[in-house]
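We've got the same protein chain twice here, in two forms, each standing alone as structure tokens: structure 1 and structure 2.
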Structure 1
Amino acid sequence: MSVWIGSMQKHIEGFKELTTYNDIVNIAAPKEIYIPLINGVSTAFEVLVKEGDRVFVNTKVAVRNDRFEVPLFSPVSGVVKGIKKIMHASLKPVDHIVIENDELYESTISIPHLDLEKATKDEVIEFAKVAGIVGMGGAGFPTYFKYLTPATLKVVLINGVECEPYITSDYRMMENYTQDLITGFIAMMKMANAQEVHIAIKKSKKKLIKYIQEAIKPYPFASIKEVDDVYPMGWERTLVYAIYKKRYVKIPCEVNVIVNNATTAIALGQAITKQMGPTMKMVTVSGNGIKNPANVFVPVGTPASHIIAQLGGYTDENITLVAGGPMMGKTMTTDAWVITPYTNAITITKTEQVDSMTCLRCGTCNDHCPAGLLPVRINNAEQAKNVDLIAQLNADLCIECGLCTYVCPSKLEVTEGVRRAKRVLALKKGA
């Protein structure tokens, strides 16, 4: 395949050593917590508390009420101060429930008990729904919904690849919550009626592989699949192709595989054993722009600025702050946004000025696009305002992985050009 199309992936420098081995920093909740009323792109939420209400740790404060049901829980005990619109990590102003933290951490239980041994497939799926389990790898897609597929599933693939540079939160989660990971994937096998669990980890993470291998010994249905250290190996399509040599049209279920992030499995495991929703999050804060890069364990709703201050602050006057990893995350112009259940990283780097120059038509971007697109052609078509050509080039299949910009030797913002083309296409479809 790669001869005719290109490699569709690339090894990129990971800088993972910055946060793989040092201590995880527990960050106490600040005085005020902001629960963002957003999931994916949806802001359709029913707020279950009102100003002045007292809430506990684990109190269900809101629930998404459109096509999907996603509950949100309070990570602290305290008093609801109201609703405030602030900038969210998706670069949009979004409503947040403001909770004043009384620092007592009195807790309640809002999730039913699940007896995993006896539970049926449907019961586990229902449990995942009420526990508010969403894709923790950054997407935030409701996990229960994926398992409602009528397709026959043979394998649950646990995605522990973590291909974005700098990010090590999945690594640290898998290493520290191995038992929860196991409970999580057993529950997922139940939801999928699958016979096997495969855990995908990069070949280069030798230590973790050894460690997990030891831990899953008692579970003969589980095994590790080692994959190459390339980007975007963590993308479902790339990963499924790398392991099973199969391509699918829409979702991996077509090839009898269901993919879940490792941290999602851990969150599910914790919900089952501890009866708590995803209110705490492991976040990698890394890059040369932060004094003490580390993984932090923080309550959902904590502002980024609070975390950054606890890690010694910025190293420079001019910094670039990204919510997420440097490839797919969004650059923020403020650090006032808060951690969501599916935030996995804050990448902070010193701002570097790079000069771009004319495209030399090298085709490197085309060779590496994991979606099999031709980014430079899409850029040209967008500049020529040729909507038909943009459509023919299937710009809408772009996942904005950023690889085309990354590889471009002329330092052009190729991904941004494809984004613009996608918007042109969306407008045309809307019209």
Structure 2
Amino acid sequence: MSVWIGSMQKHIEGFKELTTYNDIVNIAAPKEIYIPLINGVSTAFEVLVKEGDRVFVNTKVAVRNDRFEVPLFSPVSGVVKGIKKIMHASLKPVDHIVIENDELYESTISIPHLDLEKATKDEVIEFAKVAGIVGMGGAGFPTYFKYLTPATLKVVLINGVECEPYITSDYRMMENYTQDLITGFIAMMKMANAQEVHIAIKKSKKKLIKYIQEAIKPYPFASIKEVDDVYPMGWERTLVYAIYKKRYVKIPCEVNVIVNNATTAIALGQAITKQMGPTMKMVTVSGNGIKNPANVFVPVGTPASHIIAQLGGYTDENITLVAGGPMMGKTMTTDAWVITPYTNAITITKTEQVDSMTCLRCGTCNDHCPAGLLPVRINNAEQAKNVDLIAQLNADLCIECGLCTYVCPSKLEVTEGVRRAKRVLALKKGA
């Protein structure tokens, strides 16, 4: 972290009105579903089905089998057609299980029943593991693993901030599945042996705050923490400091707090009440490049192309398609990639020509970096191929929030330079 730090955050125009109040669109599964065999960066999966097998809704079709255990479930009934390698939202081709949808939606139970009131901490953690609950806000990290920490935890912090522009899927999930949210955070409290749960929501979300406050009245251990409408308030390091005025080195457990996304808590709550894995996902599809922006409720494994077609298609031939939000998402060259349990958005905007200038050395990117780094120096070091300097500048601590590029008056792609620098360090470590 640099000695001199600035605001480390910024209010960004959200464009959230495009999808905050209109109807949620339920999109039926297409004729073929593609289940990507990837979690985070890991493609270490054991496939539990073979070509020709009949599966049901909630059939466990694969499980990550390295140091983490993450099962994947079918969102439809039908026949396994095999494995196909297609582009994934991580910008690389990945094996996908192909399932031909028979449109009968016959289901099975492959998750054990959990009596939350009687269950022990270890039993709830094990349930979260076998239910395939991962970070639904975009990270996809296995939820159960966070609760294996030996640290003493006092507070479960539910992250309902949703600070990326355009995205409103967490907001709509909290609004529509409030009881599942409550069930989920009670389960998380039990996993953490925590005494309190705090729900972080932006101050500007007056309607949602009032609604959630009313819903949690019967639970004296639960309260709302209102935070400023700035980016990247949703990053847990920024959020923990904003609420508790505490900083940590690696993970929030160091300051006795554990953080989970609001939709993750809802998914856990639904798994407990319905014995269903994360086979459906609410996704915000927004921007001026899509004809009918909306939050869609869609089966996992549905191609983005199918969703876009159901919403009327593109508004222009020249569009920028992003898997995720415009700040941290990945710019895609195809819409053939599919929805995962942790996909939260598809952002589609008309492509605009950006004319960049020479760096002004103003330091604006440094002032706004939430990680306290020096993005412009990292960018310059990458251009100079100075690997030692890249390491000294701690480029690997960058969270790729995109704020340095957003605030740059010269319109330079600073984030992309830092991202390349991170790859240089990763290759060096792997050598």
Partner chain sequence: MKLQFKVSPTMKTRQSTQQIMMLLTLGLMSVVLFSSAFYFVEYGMNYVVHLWSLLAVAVSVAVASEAVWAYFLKKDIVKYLKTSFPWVTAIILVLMVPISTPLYPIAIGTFFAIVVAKLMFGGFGHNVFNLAGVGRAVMLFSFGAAIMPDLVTSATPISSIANLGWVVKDAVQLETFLAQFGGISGLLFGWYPGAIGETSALLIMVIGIFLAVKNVLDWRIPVFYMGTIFVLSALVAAIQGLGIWFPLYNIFAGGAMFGAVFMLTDPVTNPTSASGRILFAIGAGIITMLIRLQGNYPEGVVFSILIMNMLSPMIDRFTDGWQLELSKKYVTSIATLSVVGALLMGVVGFNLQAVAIEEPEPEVPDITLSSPIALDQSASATQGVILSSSVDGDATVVLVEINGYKVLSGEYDDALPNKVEVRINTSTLKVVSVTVVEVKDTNNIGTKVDNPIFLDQFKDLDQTGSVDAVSGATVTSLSVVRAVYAALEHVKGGE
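These figures come from a predicted structure and were not determined experimentally. For residue numbers, the reference is structure 1: its sequence is counted from 1. Only the largest set of C-alpha atoms that superpose within 1.5 Å between the two forms is called the rigid core.
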| query | finding |
| --- | --- |
| Panel number for the form predicted on its own | 2 |
| Between structure 1 and structure 2, how far the Cα of residue 424 shifts once the core is aligned, in Å | 2.4 |
